[in-house]
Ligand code: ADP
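First, one chain by itself in structure tokens, the form predicted alone.
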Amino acid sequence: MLVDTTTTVWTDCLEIIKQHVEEQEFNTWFKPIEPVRTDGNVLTIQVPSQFFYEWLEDHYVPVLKKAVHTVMGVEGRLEYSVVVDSGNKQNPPVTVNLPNGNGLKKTTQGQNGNAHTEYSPFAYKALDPRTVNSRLNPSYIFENFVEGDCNRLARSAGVAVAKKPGTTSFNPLMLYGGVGVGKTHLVQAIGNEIKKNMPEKIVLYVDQNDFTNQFLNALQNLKMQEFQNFYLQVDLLILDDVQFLAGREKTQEMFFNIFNQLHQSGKQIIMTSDCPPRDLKGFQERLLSRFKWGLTADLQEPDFETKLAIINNKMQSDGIEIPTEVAEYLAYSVDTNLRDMEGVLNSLLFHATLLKKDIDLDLAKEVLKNIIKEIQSDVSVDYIQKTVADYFKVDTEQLKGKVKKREIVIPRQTAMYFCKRYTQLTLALIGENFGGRDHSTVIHALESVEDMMKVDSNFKNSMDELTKKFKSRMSA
């Protein structure tokens, strides 16, 4: 049966296919197909990946055969053009052609050696977003994720994705950073926001360990169809700690296929890692290239102001008022990560409740003395002032004076910074030791030092050298 155009042929085929498959199946496996050309009784269609082609061959041969034979006649055949690489603006897509020599029949050898047509039953179980366990922590929301310079880009991208999952240029969204900087909180906040505003969406958070175990279990129990089906119906897939997939070839292969199909279908993918894609080792290059398709954003250790806001936010959510001097003391004493900070705050709350005491600076110091070793030092204000003055070749008394020249201000601010880091003095007492300066001046000094360390590599090196001197003193 001859028809005018390739598009018309495939459109007619789709009408027949639609009558024999569920709507979800049709949208997932047939809508993404593009007609390429007709040549005699051969129709060539383009599918987005090798995995897609294999899935059609394994599960939809009968319905494809019926459609093609109805539209093109009993001699009608189908060939596939498989996208190997989708390319970019500079490079066109790469495809390979796979002729189906069996006229859409998949044959296997029976026990008697005779070939027979195999029509494997395919049970497609549609997921219900109301019953799928998204594995999200409901307490991880945008409202209690404190924004700062350390995470602003990542948070902004997360908000954009939450508003329009799968339709922004941030797909995939890759967030990376060290331990305890808030990656998991942020990605789950995205998931919770989407679930709240788009209840029809299927959202799934899973870490790489669970994904790997599920895959291996499906492999061992011959349930790969069910495993793939489940993941391919997800509208937002969040994979945490993707770096641990390194070296897992089969798991990477499966994730590569799922990634391709979800992305092709306009579904949103979010991943977290401890480093940017370029630094990931033990990964297939084609998988790493896909990690870079969308946006990669980092989360860094929070600065003083952000830590202060996090402390106050945490205490307020627990209905606790915390004195400013205690919050500032904690913000500078806990210089590891936010997870450690949360542990310290929980410990502080526990001690205050157990001892029936108000939270004050003495209680904070008592709680921290076995947690933060650096604050238990014999480094005095005098020693810090002398060491810093000698390093910058200025007079110690100038640090306490009123001179506002840059060559004096920077050493003065540096000394204040190390006093806060290595002594148990409040900001007000530190100010007293530098010519009676007030609390706000000390805060400005601390912030200035942190800012300079971020932008001035020479100053950062000086701070590292001074830190070694003080730590050497402490361990002596």
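Position 1 is the first residue in the sequence shown; the rest follow in order. Remember, it's a predicted structure, so these values are computed and weren't measured experimentally.
What comes next is about the form predicted in complex with adenosine-5'-diphosphate, which does not appear here.
For the options 145, 256, 80, 329, the residue carrying a heavy atom within 4.5 angstroms of adenosine-5'-diphosphate in the model of the complex is 145.
Of the candidates 389, 352, 262, 338, 338 is the one whose heavy atoms come within 4.5 Å of adenosine-5'-diphosphate in the model of the complex; the others do not. Residue 185 belongs to the set of residues with a heavy atom inside 4.5 Å of adenosine-5'-diphosphate in the model of the complex. Using a 4.5 Å cutoff between non-hydrogen atoms, residue 268 does not count as a contact of adenosine-5'-diphosphate in the model of the complex. Using a 4.5 Å cutoff between non-hydrogen atoms, residue 310 counts as a contact of adenosine-5'-diphosphate in the model of the complex. adenosine-5'-diphosphate is not shown here, but in the model of the complex it comes within 4.5 Å of a heavy atom of residue 342. Of the candidate stretches 177-185, 228-236, 209-217, 243-251, only 177-185 has residues whose heavy atoms lie within 4.5 Å of adenosine-5'-diphosphate in the model of the complex.
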